[in-house]
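Quick setup: one chain, the form predicted alone, written in structure tokens, and binding and motion questions come after.
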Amino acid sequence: MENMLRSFIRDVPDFPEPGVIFKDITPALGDAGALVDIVEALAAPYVNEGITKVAGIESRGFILAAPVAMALGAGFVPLRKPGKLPYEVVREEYSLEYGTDALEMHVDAVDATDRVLVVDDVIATGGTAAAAARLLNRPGAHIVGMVVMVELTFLNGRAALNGLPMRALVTYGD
């Protein structure tokens, strides 16, 4: 799986700013067979975990989380940037290199009976993923784990997750 994914992920130098090499997953998403394989690989470890909700982090996490939710027979919970959800929300702010950002979800999206899987495309420094976990923990949901397509291990994002189990389909090191 990892070699197949690497063949579909392209490096885009100097995006979104000079010195950054962006891992572009859109070629993998654009290939029907690869997309099916990715969704199956993301969902497979959680088939027998009693997942009731799959939370997707805006925005590319949505692309993967919704079909993972379908594969697991679970509901989908969008974790969005501020001001994008139409109903009453709870918010979790987090630090960025230069400032702060936030994630929001509807107040009734999850509760203490839910077993949640968090899905995103990439984990880098882990700030957004950690904020997602804190947000889902507020109403008492049990986060079973997090799964991503790509992990940039040199940025040590797992450390921000405070022991939350995480899986990645492909990793890029130093």
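What you see is a predicted model, and the numbers here were worked out from it, not measured in a lab. Just count from 1 along the sequence shown to find any residue number.
Just so it is clear, the following notes concern the form predicted together with a small molecule, a form of the same protein that is not shown.
Comment: 115-123 is the region of 115-123, 26-34, 137-145, 64-72 lying near the small molecule in the predicted complex, near meaning a non-hydrogen atom within 4.5 Å.
Contact between R60 and the small molecule in the predicted complex is found at the 4.5 Å heavy atom cutoff. In the predicted complex, the small molecule sits within 4.5 Å of a heavy atom of L152. Interface residue remark: A159 is not counted as part of the site for the small molecule in the predicted complex, having no heavy atom within 4.5 Å.
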